[in-house]
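Before any questions on how it binds or moves, here is one chain, the form predicted on its own, in structure tokens.
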């Protein structure tokens, strides 16, 4: 596999900001990802156990706030586009490979356990905070929401804390 350089991170950040502004201008809402996971979950539960979904407060509230099929949400299409775009980007830049990356003091088992635990914590945190990194923090800061600014500071503080605590696995 031929090694290629990634995009300049400052240019990528500026392009992400422009994409966020265009998204808010065209759709009236920002970017997000956790809402798509919630929509997938609601659609799955409604399909597999409709009696459970009808008798549970969470699903009833979701149905009141979102009319129609949960999979017809803007966020579901956005996340699907992100996955397709990421695959095409990897394909075009010759970076498609199934690999596990971890530091010299870590193992595959630790890396997988860390990813699973981190994913669960991310999901719980995004529901408690009413949005994920992109939805609550990035899009919230774009409209100068107090909650978005606080969320972004909390995310960076948490990231620095966990990076300090778990750095021995990566260096």
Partner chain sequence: MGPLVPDIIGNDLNLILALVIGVFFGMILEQAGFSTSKKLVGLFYGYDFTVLRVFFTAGIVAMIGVMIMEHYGLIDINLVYINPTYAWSAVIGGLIMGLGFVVGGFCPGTSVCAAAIGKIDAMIFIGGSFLGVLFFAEGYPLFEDLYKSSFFGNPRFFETLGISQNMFAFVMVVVALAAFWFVSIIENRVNGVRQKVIQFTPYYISLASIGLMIALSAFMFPERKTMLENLVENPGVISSYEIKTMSVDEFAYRLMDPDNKMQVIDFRSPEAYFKFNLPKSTLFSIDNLFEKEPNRVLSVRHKINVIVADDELTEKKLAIMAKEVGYDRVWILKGGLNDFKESILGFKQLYEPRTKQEADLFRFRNKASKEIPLLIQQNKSAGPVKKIQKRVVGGC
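Positions refer to the first chain, counted from 1. Predicted model only: the values in this text are computed from it and were never measured. Definition used throughout: the rigid core is the maximal C-alpha set that superposes within 1.5 Å between two forms.
One more form of this protein exists, namely the form predicted together with its partner chain; it is left out here, but the text below deals with it.
Classify residue 47 as contacting or not contacting its partner chain in the model of the complex by the rule of any non-hydrogen atom within 4.5 angstroms, answering yes or no.
-> Heavy-atom contact with its partner chain at 4.5 Å: absent for residue 47.
Does residue 63 make contact with its partner chain in the model of the complex, using a 4.5 Å heavy atom cut-off?
-> Residue 63: no, not in contact with its partner chain in the model of the complex.
Examine residue 106 and determine whether its closest non-hydrogen atom to its partner chain in the model of the complex is within 4.5 angstroms.
-> No, residue 106 stays farther than 4.5 Å from its partner chain in the model of the complex.
Report yes if any heavy atom of residue 27 sits within 4.5 Å of a heavy atom of its partner chain in the model of the complex; otherwise report no.
-> Although its partner chain is absent here, residue 27 would touch it in the model of the complex, with heavy atoms inside 4.5 Å.
So which residues in 17 to 32, when you check its partner chain in the model of the complex, have a heavy atom no farther than 4.5 Å from it?
-> Contacts from 17 to 32: 17, 18, 19, 20, 21, 23, 24, 25, 26, 27, 28, 29, 31, 32.
2 Å or more on the CA of residue 163 between this form and the one not shown, with the rigid core superposed, yes or no?
-> Yes, the C-alpha moves 2 Å or more.
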